[in-house]
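Quick heads-up: it's one chain on its own, the form predicted alone, in structure tokens.
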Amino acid sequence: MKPIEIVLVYQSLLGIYGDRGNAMVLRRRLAWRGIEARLIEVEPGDPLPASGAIYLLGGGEDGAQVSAVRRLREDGNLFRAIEGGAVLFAVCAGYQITGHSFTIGEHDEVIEGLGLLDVTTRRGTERAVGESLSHWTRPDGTESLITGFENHGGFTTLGPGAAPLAFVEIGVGNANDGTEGAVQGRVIGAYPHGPILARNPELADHLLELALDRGLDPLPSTELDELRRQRIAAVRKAGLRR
């Protein structure tokens, strides 16, 4: 079996919030199951492989977003990979650029996005900063909580082609409308950092199952379960409803 290719995209542009940790989590959770994975790090100017199983975009600033969009559109292989069945997981700024458009700067200049998610992002009425907690319904119908730290000034509105990833209990999420993130086919966007997959192993396994087109046996961990319990309890106790 060929190694599963995890492609970490443009960390020099979209890697300022530690989101590269998502790639490490995915690779490790595959290794624990005896599945070989290959991590490919691609920087601007390098050709993006079209053979990846999972592509990861992280957080960044306005200028980095514009540069990333331009380079990804010129390269074209991210679009080809998704058309071929690859999974894209995009966080914060990476999430925003996957939509139809987003704004930058003091004058809210509108920038065309990649159009991979039916969402648009505009400057919000407040900056979302702090711990967040949302409810995610997994494909089997069971519910899981997603925890993380959100830090974004853009508010994202979903069109009819995209569905919310989760529903907010604590925090701002997409636009203080009760939703968090977006899902459209095999493209998933979310706002929380953490990195988010380290704090939410069930979400990490969901991405892997999508990429592999099969279910995975769970990886029980008393330590991880207790850490999640403590984090969730701390957020709720602090009453960070905004």
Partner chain sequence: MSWSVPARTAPPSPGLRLRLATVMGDLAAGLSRLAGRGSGASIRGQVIARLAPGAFADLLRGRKILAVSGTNGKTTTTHLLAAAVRAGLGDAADRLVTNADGANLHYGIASALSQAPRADIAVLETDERVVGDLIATGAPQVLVFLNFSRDQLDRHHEIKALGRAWRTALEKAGKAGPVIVANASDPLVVWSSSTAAEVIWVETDTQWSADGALCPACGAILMRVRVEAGRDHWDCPGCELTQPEASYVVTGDAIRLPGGETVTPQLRVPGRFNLSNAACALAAAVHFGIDPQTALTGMATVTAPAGRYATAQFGTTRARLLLAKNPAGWAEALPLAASDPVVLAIDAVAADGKDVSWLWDVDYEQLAGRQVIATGPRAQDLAVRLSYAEVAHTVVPDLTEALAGHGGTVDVISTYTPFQRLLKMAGLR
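Since this is a predicted model, take the numbers as computed values, not measurements. Numbering follows the first chain given and starts at 1.
As for the form predicted in complex with its partner chain, it is not shown, yet the points below apply to it.
Proximity to its partner chain in the model of the complex holds for none of F79, W136 and P164, with the criterion being a heavy atom within 4.5 Å.
Although the partner is absent here, A64 lies within 4.5 Å of its partner chain in the model of the complex, judged by heavy atoms.
Put simply, R38 is far from its partner chain in the model of the complex: not one heavy atom of it is within 4.5 Å. Although the partner is absent from this view, R127 contacts its partner chain in the model of the complex, with a non-hydrogen atom inside 4.5 angstroms. A residue is said to contact a partner when one of its heavy atoms sits within 4.5 Å of a partner heavy atom; R186 fails this definition for its partner chain in the model of the complex, lying far away. Picking from 25-33, 208-216, 47-55, 172-180 the stretch near its partner chain in the model of the complex, with a 4.5 Å limit on heavy atoms, gives 25-33.
Residues from 193-210 that approach its partner chain in the model of the complex with a non-hydrogen atom closer than or equal to 4.5 Å are H193, G194, P195, A198, R199, in the order they occur in the chain.
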